[in-house]
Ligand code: CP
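Just one chain is shown here, as structure tokens, and it is the form predicted on its own.
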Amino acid sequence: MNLKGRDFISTQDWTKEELLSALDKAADLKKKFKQGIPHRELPDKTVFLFFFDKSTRTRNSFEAGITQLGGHGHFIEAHTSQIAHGESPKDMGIILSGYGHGIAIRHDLVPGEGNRYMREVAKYAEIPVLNMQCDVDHPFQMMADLMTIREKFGPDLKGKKIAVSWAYAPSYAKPMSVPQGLIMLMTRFGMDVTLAHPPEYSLMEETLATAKSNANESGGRFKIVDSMEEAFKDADVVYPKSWGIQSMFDRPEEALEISKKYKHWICDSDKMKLAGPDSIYMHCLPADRGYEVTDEVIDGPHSVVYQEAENRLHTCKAIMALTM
């Protein structure tokens, strides 16, 4: 399957067959990495890594990944570049297309901005534009999540239940892209997706509509509830995570005050007992320990967070190798 030159801005932009091809590639690269087999598939290739927000797993999976593929990653904090002085997405896309082989961008904290910015860069770039997380989706995280779920439950996920739940965190108003990415991707693979959140924490309407449409097409199910306990009941996968209030990202302190009403939205051992006996706990990390999740759960036998984080490297490498 030829994916050379393709952008990867949302999983929704690729067919299921293309996504599965990328997962096959990731599994092959993971095996080679484990066995110490060199796989320099992108010799002398350059990817530009623009960050409008902080990062640990994303930055390191891209930098380590491109190095292992034989190329080089240029890390750029957006505020240190001419973007901070108003350089246009058009100019950046055209110019960097003449310098290298891929442009990766993280721009996730302002609803309505990040995804639009990336697509504007992609409109003018002649090299792939890769979404390291925007306001709408976090496609590389989603691919790692899907890879992990398939490793645990096999390739046929039809009828498996995943609970995507809001959880309390006092640290900051986190992006909405992870729960939105989850409901859009997992419904494509026939999963029973239950989204749970307090009333203030609704997701973007277009992502909800996409999830419903995907579920109808795949034969899966999608529903929204207002209880973490209801979502967890008989779930095969639980993914409790905090996110911010869509209309209040410009008022973070006020939003965090509202969140204090819901401190009981925590993933603890009692809630895990509601899930299936072979259920897995997932989180994109970093998790707010003691708030989003207890140590007993995240460090316990149901947790796959480190396997999930490890798969970030391999899915990242696979998509770069296929597109660049």
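Nothing here was measured: the structure is a model prediction, and the numbers come from that model. Throughout, we count residues from 1 along the sequence that is shown.
Although it is not shown, the form predicted together with ligand CP is what the next lines describe.
Taking the partner from elsewhere, Gln141 is found to have a heavy atom lying within 4.5 Å of ligand CP in the predicted complex. Residue contact check for His314: none of its heavy atoms lie within 4.5 Å of ligand CP in the predicted complex. With a 4.5 Å cutoff on heavy atoms, Ser259 does not count as touching ligand CP in the predicted complex; it lies far away. Using a 4.5 Å cutoff between non-hydrogen atoms, Leu42 does not count as a contact of ligand CP in the predicted complex.
The listed set Arg289, Lys54, Lys273, Lys31 contains one residue whose heavy atoms approach ligand CP in the predicted complex to within 4.5 Å, identified as Lys54. The contact residue chosen from Arg188, Arg106, His197, Lys161 relative to ligand CP in the predicted complex is Arg106, the criterion being a non-hydrogen atom within 4.5 angstroms.
Considering ligand CP in the predicted complex, the lone stretch of 294-302, 33-41, 263-271, 57-65 in range is 57-65 [heavy atom distance within 4.5 Å].
In the predicted complex, the residues of 279-301 lying within 4.5 Å of ligand CP by at least one heavy atom are, in order, Cys284, Leu285, Pro286.
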